[in-house]
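Same chain, two versions here, written out as structure tokens and called structure 1 and structure 2.
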Structure 1
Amino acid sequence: MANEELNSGNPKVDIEYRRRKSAEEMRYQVVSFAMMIFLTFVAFIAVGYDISGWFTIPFILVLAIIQVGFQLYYFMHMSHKGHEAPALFLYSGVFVAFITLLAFVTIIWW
């Protein structure tokens, strides 16, 4: 457990350390949020300016994937220790999701 590693025997030291740790963590969260807002703006502007769809569609998809990365790794703490099993579950889901999407957009036609 992360907590047990922190126990130095002196509770004051531990609390000071944790306070600093969580303040630092919060800064990362706010930076993530700013990045996510920025990526959203860029995506909406790219569509608003009506550049060629061949450029816009892959571009906004990449922005969405980066934004979801921030959400997963910072907001949902996947960058922390002890998230190996969650990563396995999530990426297994993503793998099946990818195959499903690939099938539906390529081998289905009308």
Structure 2
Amino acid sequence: MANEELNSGNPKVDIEYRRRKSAEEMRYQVVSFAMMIFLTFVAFIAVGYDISGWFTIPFILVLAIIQVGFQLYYFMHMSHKGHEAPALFLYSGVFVAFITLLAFVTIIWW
């Protein structure tokens, strides 16, 4: 139905559709921003309390990975259509970095 409204040629319908999409996008950005602030607060709490470093460092790294996901998908608009090629390069780079780190960790431990 949204495509029919968009292709109807009625400028008022097009403007209303864009307003709804913009409001929805803004809501997603505000929620993801609030989640990132919350995750940052949780990371500060984890460091503030004297918790073991064996727990704190991986915990903060997991929180950082989650925040990168929020930033890419909501602030950098990677979830939108037309961003398949940059997403492919991004995921390929993450895969290569993971394999490289795995190789270095394996060499160091053995």
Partner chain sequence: MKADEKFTYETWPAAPEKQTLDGKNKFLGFWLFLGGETVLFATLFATYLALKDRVPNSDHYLAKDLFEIPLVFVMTMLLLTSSLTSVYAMYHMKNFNFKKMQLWLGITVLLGLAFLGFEVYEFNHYVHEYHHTFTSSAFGTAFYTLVGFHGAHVAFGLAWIITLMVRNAKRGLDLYTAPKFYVASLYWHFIDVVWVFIFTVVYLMGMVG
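Residues are numbered by position in structure 1's sequence, first residue being 1. Rigid core here is just the name for the largest C-alpha set that superposes within 1.5 Å across the two forms. What you are looking at is a predicted structure, and each value in this text was computed from that prediction instead of being measured.
*Asks:* Report the structure number, 1 or 2, for the form predicted together with its partner chain.
*Replies:* Of the two, structure 1 is the form predicted together with its partner chain.
*Asks:* Would you tell me if V94 moves between structures 1 and 2 by 2 Å or more at its C-alpha, with the rigid core held superposed?
*Replies:* Passes the 2 Å threshold, so yes.
*Asks:* Superpose the two forms on the rigid core and tell me the Cα shift of A103 between structures 1 and 2 in angstrom.
*Replies:* C-alpha displacement of A103 between structures 1 and 2: 6.1 Å.
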